[in-house]
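The chain that follows stands alone, in the form predicted alone, written as structure tokens.
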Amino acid sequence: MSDVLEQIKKQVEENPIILYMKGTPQFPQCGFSMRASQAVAACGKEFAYVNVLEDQEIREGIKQFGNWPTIPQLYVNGELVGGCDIILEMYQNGELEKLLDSTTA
């Protein structure tokens, strides 16, 4: 598991905005991932994503890495922002766009 956690750490550090989700932004595989990716995309910043359905170890490892039990998970500037509900709430009140604008992506 430590190799997976190192891999996740590297992904989070190398991508100012990264969304761990089920599926892809173009073809989300669950409603929560769809809404989260749409909210991030609507802010107009490019972002990386990891389809956790392609790698069971990452799917379980990301839950340990951020100590967050659900997917999707959004990381900005190396910090866990949260899951779908938090992402949508931040998007609706304008906080998400401000946060994403603070990145160097």
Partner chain sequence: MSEDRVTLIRERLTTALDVHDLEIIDDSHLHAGHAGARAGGGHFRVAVVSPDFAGKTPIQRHRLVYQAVGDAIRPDCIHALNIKALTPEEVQDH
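Residue numbers count along the first chain shown, from 1. Just so you know, these numbers come straight off a predicted model, no measurement behind them.
Beyond what is shown, the protein has a form predicted together with its partner chain; the following relates to that form.
Can we say Lys22, Phe32 and Pro69 each have a non-hydrogen atom within 4.5 Å of its partner chain in the model of the complex?
-> Yes: each residue has a heavy atom within 4.5 Å of the partner.
Taking heavy atoms and a 4.5 Å cut-off, does Leu80 contact its partner chain in the model of the complex?
-> The answer is yes: Leu80 has a heavy atom within 4.5 Å of its partner chain.
Using heavy atoms and a 4.5 Å limit, would one call Glu14 a contact residue for its partner chain in the model of the complex?
-> Glu14: no, not in contact with its partner chain in the model of the complex.
4.5 Å heavy atom contact, Glu89 to its partner chain in the model of the complex = Because a heavy atom of Glu89 falls inside 4.5 Å of its partner chain in the model of the complex, the answer is yes.
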